[in-house]
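Only one chain is included here, represented as structure tokens and corresponding to the form predicted alone.
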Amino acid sequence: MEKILKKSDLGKWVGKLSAFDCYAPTKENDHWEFNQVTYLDSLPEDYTQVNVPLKKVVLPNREVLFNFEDNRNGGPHIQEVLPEEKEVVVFGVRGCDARGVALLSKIFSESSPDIYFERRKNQLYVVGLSCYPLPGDNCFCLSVGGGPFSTQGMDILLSDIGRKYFVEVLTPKGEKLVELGWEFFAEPNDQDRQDRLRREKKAQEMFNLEIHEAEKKAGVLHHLFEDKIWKTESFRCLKCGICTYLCPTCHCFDIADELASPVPLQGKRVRVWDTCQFPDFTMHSSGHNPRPDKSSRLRQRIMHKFLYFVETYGEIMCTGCGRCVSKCPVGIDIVNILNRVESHEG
């Protein structure tokens, strides 16, 4: 379903969504973040992407799974802590972040359902914003199956066509949001559709980075497990984890018990983000570590996204957001690495 929404009516529409918690990109110092808003009269036109991707909404960096205590009289007691039952609308989501949640769903919903992820995902409404005219300098989503007007993982996609948005309603959730403010939406005409297509074409022409034949990398990587490129490229790595924490699809986590009191026993079990780039991520209790060096950990990150996930789910587990390229403090560049393995260079 396609609609038109005047930019001047955006705030009125959002005002009809009072039953939801609404989030939108807001500026914090020199970067953007999704923060809760009580009123939204416009979407920013000068941001490329938020700093921390949308995955934090469905897979928080820290969440309590259950509380436990031993009250001695009644014995041990465990109380599960489930996500709050509250529907959430996030506005201004870029295609790379929405696709990230869709790819995470293959792991946390389809393969082995995770009740915490599923509840948050089911309560999430994604109102995307196409990337025009601002694809970032390090964006490469076109190489991995996405694009500046990608709709994967979205309920609604808004595309700026001047004084109004071209609205693509993609799911029943999206239809629900539009119905709540039906009086603000109109039918598009042929000129509106042409404007939307013209801007998509122009946005695609603005990309600077490309992974050459990314869909074929799995076949090449099969033969490069022991290649010296991993040692060469990982030499500068600081093991900081930025590349994975800010990735829309990286989802490694650790589970730990935090004690509030040893006697009487009280505490909570928490799930927190972790990363395969940390030295102790694969450390066994015996002391053996199957990935003991930086080269094996960098290899794992790239193999997982461009080989193992492709073999299991048929899709590349990278949305081309470019955060790992932009934010790496020592300039490790996944695009450059993958373009080099194309020719088996070490």
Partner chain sequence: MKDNPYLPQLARIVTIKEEVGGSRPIKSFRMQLLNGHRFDFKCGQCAMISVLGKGESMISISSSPLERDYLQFSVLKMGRVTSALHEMEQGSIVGLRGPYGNGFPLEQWTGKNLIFIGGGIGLAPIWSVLQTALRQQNDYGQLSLFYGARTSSDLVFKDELRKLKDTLPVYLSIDVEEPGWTEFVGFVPQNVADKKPSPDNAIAITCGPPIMIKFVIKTIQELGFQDNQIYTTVENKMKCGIGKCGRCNIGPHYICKDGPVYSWAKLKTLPQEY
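Positions refer to the first chain, counted from 1. Remember, it's a predicted structure, so these values are computed and weren't measured experimentally.
Although it is not shown, the form predicted in complex with its partner chain is what the next lines describe.
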Is it the case that E118, M283 and H304 all touch its partner chain in the model of the complex, with a non-hydrogen atom of each within 4.5 angstroms? yes
Looking at heavy atoms inside 4.5 Å, which stretch does its partner chain contact in the model of the complex, given the options 89-97, 177-185, 191-199, 103-111? 103-111
Going by a heavy atom distance of 4.5 Å, is R299 a contact of its partner chain in the model of the complex? yes
My question is simply whether E215 lines the interface with its partner chain in the model of the complex - judged by any non-hydrogen atom within 4.5 Å. no
Partner proximity in the model of the complex: T312 to its partner chain, non-hydrogen atom cutoff 4.5 Å: yes
Its partner chain contact at R271 in the model of the complex, heavy atom, 4.5 Å: yes
Are there residues in 242-271 with a heavy atom within 4.5 Å of its partner chain in the model of the complex, and which are they, in order? H251, C252, F253, D254, I255, D257, L259, L265, R269, R271
